[in-house]
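One chain comes next, on its own, written as structure tokens: the form predicted on its own.
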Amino acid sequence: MFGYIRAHKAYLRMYEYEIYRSVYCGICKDMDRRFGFVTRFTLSYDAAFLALVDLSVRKKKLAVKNERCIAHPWKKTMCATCGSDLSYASSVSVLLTYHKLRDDLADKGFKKKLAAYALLPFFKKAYRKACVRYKPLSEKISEAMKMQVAIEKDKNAGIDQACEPTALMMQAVFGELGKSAREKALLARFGYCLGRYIYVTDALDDLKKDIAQGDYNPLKIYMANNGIEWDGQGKFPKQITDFCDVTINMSLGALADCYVALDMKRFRDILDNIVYLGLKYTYDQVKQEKFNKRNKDRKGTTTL
């Protein structure tokens, strides 16, 4: 998935982290059972957040036990069992990763293309399997990706237009979880705002690379429209980070309003951490160029 939705671990209590990690490990094993061994290597903590929201909204049980896995073959760790029903999170992870791999084939970066060529054959069957179970959702994601491709080919879209496909994807993903009309509407709005946050954070994270490679990035359009000259070397220009701050803060504020209205009870402390601390911390890490999508902070001084 995207890699920007994660908890701020420094503010998680030990038992909360164990639950959070057990859900992540449970999704990993669920992906292996349902879609094949290779798919689990593309898992991110975004899926763990989606699973926790799913478990909370639908009031599902979470059963965990100590198990070994490929990441910890010698030491047993807490892992959510198959009885916890993490199928939605694992299926969404496959659907989004498949489209991300297809998008990476058009990327100029050699490493991304190589990884996409290597992984895509393993995801074709998994993708078809996930589509059978969640066909309407897969169609919405596919339409959003087509919109994204068109925007990137045009290379003139501003930040709001460029955010729309990701926002619509996440709107569809979270909207599926609601039971009542009110809950569906709130979750859809929550997902939409989360999608905007993801796209802007990703655009800032990729800005230097996109300038160097001559790829489309809506922040380059903003720079051109506002006479900001920057060659992609050194720190981000303050005008860029200030612009992103406004967009991010508006998205996170609207997202928090929906979250409060949903009033989710189960796993509330972990979800609070992600919504109120983790998302902002991740964005700040991107601004400081210390963010690593492999869930390891880069070395250096961090401002808290």
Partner chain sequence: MTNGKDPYVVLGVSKGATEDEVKAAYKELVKKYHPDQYQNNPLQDVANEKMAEINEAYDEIINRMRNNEYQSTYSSSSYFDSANVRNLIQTGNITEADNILSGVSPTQRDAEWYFLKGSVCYKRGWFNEAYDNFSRAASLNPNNAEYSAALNQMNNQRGGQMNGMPSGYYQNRNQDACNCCCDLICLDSCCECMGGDLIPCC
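If you're wondering where the values come from, they're calculated on a predicted model, not measured in any experiment. Positions refer to the first chain, counted from 1.
We do not show the form predicted together with the partner chain, though everything after this point is about it.
- Using a 4.5 Å cut-off to the partner chain in the predicted complex, each of N249, G253 and D272 places a heavy atom inside that distance.
- Considering the partner chain in the predicted complex, the lone stretch of 41-49, 56-64, 26-34, 254-262 in range is 254-262 [heavy atom distance within 4.5 Å].
- Only one of K208, R189, H99, K140 comes within 4.5 Å of the partner chain in the predicted complex through a heavy atom, and that residue is R189.
- Here is the short version: of D202, D104, E164, D85, the single residue with a heavy atom within 4.5 Å of the partner chain in the predicted complex is E164.
- The partner chain is not drawn, but in the predicted complex it has a heavy atom within 4.5 Å of Y281.
- Heavy atoms of L277 reach within 4.5 Å of the partner chain in the predicted complex, making it an interface residue.
- Residue contact check for R6: none of its heavy atoms lie within 4.5 Å of the partner chain in the predicted complex.
- Remark: Y15 does not count among the residues lining the partner chain in the predicted complex, judged by a heavy atom distance of 4.5 Å or less.
- Using a 4.5 Å cut-off on any heavy atom, none of the residues of 208-226 reaches the partner chain in the predicted complex.
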